[in-house]
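Just one chain is shown here, as structure tokens, and it is the form predicted alone.
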Amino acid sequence: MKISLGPVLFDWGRKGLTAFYELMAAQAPVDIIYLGEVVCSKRSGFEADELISVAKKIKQAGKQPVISTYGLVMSEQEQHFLREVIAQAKEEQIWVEANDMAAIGVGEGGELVAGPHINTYNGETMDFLADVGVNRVVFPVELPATAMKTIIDGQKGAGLESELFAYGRLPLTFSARCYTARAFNLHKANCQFKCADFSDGMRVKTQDGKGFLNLNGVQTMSDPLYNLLGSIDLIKQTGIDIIRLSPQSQNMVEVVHIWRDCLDGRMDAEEGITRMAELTGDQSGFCNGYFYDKPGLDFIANPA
């Protein structure tokens, strides 16, 4: 089974992103690396030609680069950037992940991935996406394993790859408003790039101090890390081709190695989860409820 590294969803700045992609291309046992801004166009670290240049370096390292695009396209400037990136990606035969249907329309004729923000909830949608030229579908994060298996088993569009979000803070919603800016009584137009102060998003706790949500600019995420490491057997039974690990700011090379070892049978899941908890030091623990058709914040410790 292949491992992909999803796009960086946080504001790490140009230097931080460059260093991260170089590290992951050189040291992480992943097959696919997604790059590009998904959340907010104000914090795009690279121009279109620079994204293509980074993608070429990833390809030279023996990994497949995929350029991810905005989850919400809300302005003419964003439309222009979208068209520019996709045009250059087509020319260089680099795949593009569409997170808004506008990108699928612009990307027609190229190699396309329908990202997790495209509402692929049934087999009919899979067939439609295959008909308009999509090569791979990343299922929405709230879709349970039973639904994914039904969709994959009944798929008519032959050859369409399936990808599962399996690790990281769940990307739940987008908004036209910037929650991080509002937390500091700032307007979105003058946000002062407050996102950069929170390398893994800004945590929101309940009144009794428990982690609940994570604010990432215009995006709302889960606070606990979604972690399906203990569900590898069921993931394989669903027919998923690729698992996606969403980048966090700490120890991602080690996290990828744990996943690779567990997938290949060199480490059991229980040891992997223990080691990952030590690496992340996450006080909120993990969650995996959506995969089992339960509330998303739940953690099913013994899936069997």
Partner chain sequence: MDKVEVLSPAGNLPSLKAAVDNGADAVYFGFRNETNARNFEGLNFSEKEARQGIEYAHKKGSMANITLNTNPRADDPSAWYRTVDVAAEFGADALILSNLSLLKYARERYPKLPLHLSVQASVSNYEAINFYQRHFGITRVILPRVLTVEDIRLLSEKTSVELEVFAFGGLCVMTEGRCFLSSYVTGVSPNIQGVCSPAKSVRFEHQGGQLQTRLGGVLIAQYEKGEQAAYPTICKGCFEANDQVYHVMEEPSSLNILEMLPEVLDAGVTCLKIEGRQRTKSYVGTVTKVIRQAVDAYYKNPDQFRVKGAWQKVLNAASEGSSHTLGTYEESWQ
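Numbering follows the first chain given and starts at 1. Here the structure is a predicted model, which is why all the values come from computation and not from measurement.
Another form, the form predicted in complex with the partner chain, is not on view; read the next lines as being about it.
- Using a 4.5 Å cut-off to the partner chain in the predicted bound form, not one of Leu9, Ser162 and Asn216 places a heavy atom inside that distance.
- Note on the partner interface in the predicted bound form: the residue among Asn135, Ser199, Thr220, Gln155 having a heavy atom within 4.5 angstroms of the partner chain is Thr220.
- The contact residue chosen from Ile94, Leu129, Ala166, Ile232 relative to the partner chain in the predicted bound form is Leu129, the criterion being a non-hydrogen atom within 4.5 angstroms.
- The partner chain in the predicted bound form comes within 4.5 Å of no heavy atom belonging to Tyr21.
- Although the partner is absent here, Pro140 sits close enough that one of its heavy atoms falls within 4.5 Å of the partner chain in the predicted bound form.
- In the predicted bound form, Asn122 approaches the partner chain with a heavy atom inside 4.5 Å.
- Proximity of Ala183 to the partner chain in the predicted bound form falls within the 4.5 Å heavy atom cutoff.
- Taking the partner chain as positioned in the predicted bound form, the residues of 204-230 that bring a heavy atom within 4.5 Å of it are, in sequence order, Val204, Lys205, Thr206, Gln207, Asp208, Phe212, Leu213, Leu215, Thr220, Ser222, Asp223, Pro224.
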